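Below, in structure tokens: the form predicted alone, a single chain.
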């Protein structure tokens, strides 16, 4: 057995890296860009409400080496996101109104400990849920909107990301002001409907409504709508919470593997890095593949890291 003096001599001869456990991959800020993912990226999860769903997301994130996420409401609630009114097509489905009422009743009555238990599974793995993706829409009642903000607090997130529309943003103003929690508007590429978030001007209308309105900029959808994400980030970087990284072709073109579309992924990542913008960069795998989602997300992450090399 070593004496205290001998042990001290051994310790003194060791580098600091040998005395401290190495941080997990997502805490190594070699490129000064904070990566995460939108849980939509996992296309092969158990269905909504399945008790295996959250543990699978946690396991996938640890395997990939990503430490934080924006989690979809359909991965937290026992209801797929489209069943709660965002997809207009789903409202035409037989029995939609009954399912929508069931979802509303669940939201209004579920104990807040339910959300805390979801959060604990991430905390126990050293992971962070940064944003709650809830697609607010006109099928929400005011009571339901209030309850959803309370759920976000219990879930421990800093705010929402939301695929919503301008008319709903107006309805949300008193809720973000009362709860003092931001909603980051997520864009698509529908240039026909003036109610959609699809252009710089549509974002700017919402940003003018409240300081609690921010942006989740989907750079793939933005390019598909023939917009310039680099220019938008330069102008509005102080109101952008995170970006969704995906690659798409211009002129409403399809999603493509990273590097094969028209989205300037490399330029965007370098802009954020070089200007030290505190904008989180979340992967969103959407293009099709025969490989499992985890493998594809790893490929997406490697492309981004190579872009910053």
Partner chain sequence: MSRVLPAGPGLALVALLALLPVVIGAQVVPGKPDAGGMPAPTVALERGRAVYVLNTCHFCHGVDLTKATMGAAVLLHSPLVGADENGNVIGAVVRAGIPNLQTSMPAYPDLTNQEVEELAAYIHYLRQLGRHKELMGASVAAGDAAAGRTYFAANCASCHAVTGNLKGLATNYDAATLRARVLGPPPPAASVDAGAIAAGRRQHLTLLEKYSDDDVNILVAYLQEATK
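Predicted model, so just to flag it, every value in this text is computed and none were measured. Positions refer to the first chain, counted from 1.
Keep in mind that the form predicted together with its partner chain is not shown, yet the notes after this line are about it.
For the candidate set 162, 202, 189, 73, a heavy atom within 4.5 Å of its partner chain in the model of the complex is found for exactly one residue, namely 189. Of the residues given (114, 87, 96, 79), 87 alone sits with a heavy atom within 4.5 Å of its partner chain in the model of the complex. Of the stretches 39-47, 54-62, 271-279, 237-245, only 39-47 has residues with a heavy atom within 4.5 Å of its partner chain in the model of the complex. Interface residue remark: residue 299 is counted as part of the site for its partner chain in the model of the complex, having a heavy atom within 4.5 Å.
Within this chain, residue 34 is remote from the site of its partner chain in the model of the complex, having no heavy atom within 4.5 Å. In the model of the complex, no heavy atom of residue 266 sits within 4.5 Å of its partner chain. Using a 4.5 angstroms limit between non-hydrogen atoms, residue 128 is distant from its partner chain in the model of the complex. With contact defined as any non-hydrogen atom lying within 4.5 angstroms of its partner chain in the model of the complex, the contacting residues in 263-293 are 286, 287, 288, 289, 290, 291, 292, given in sequence order.
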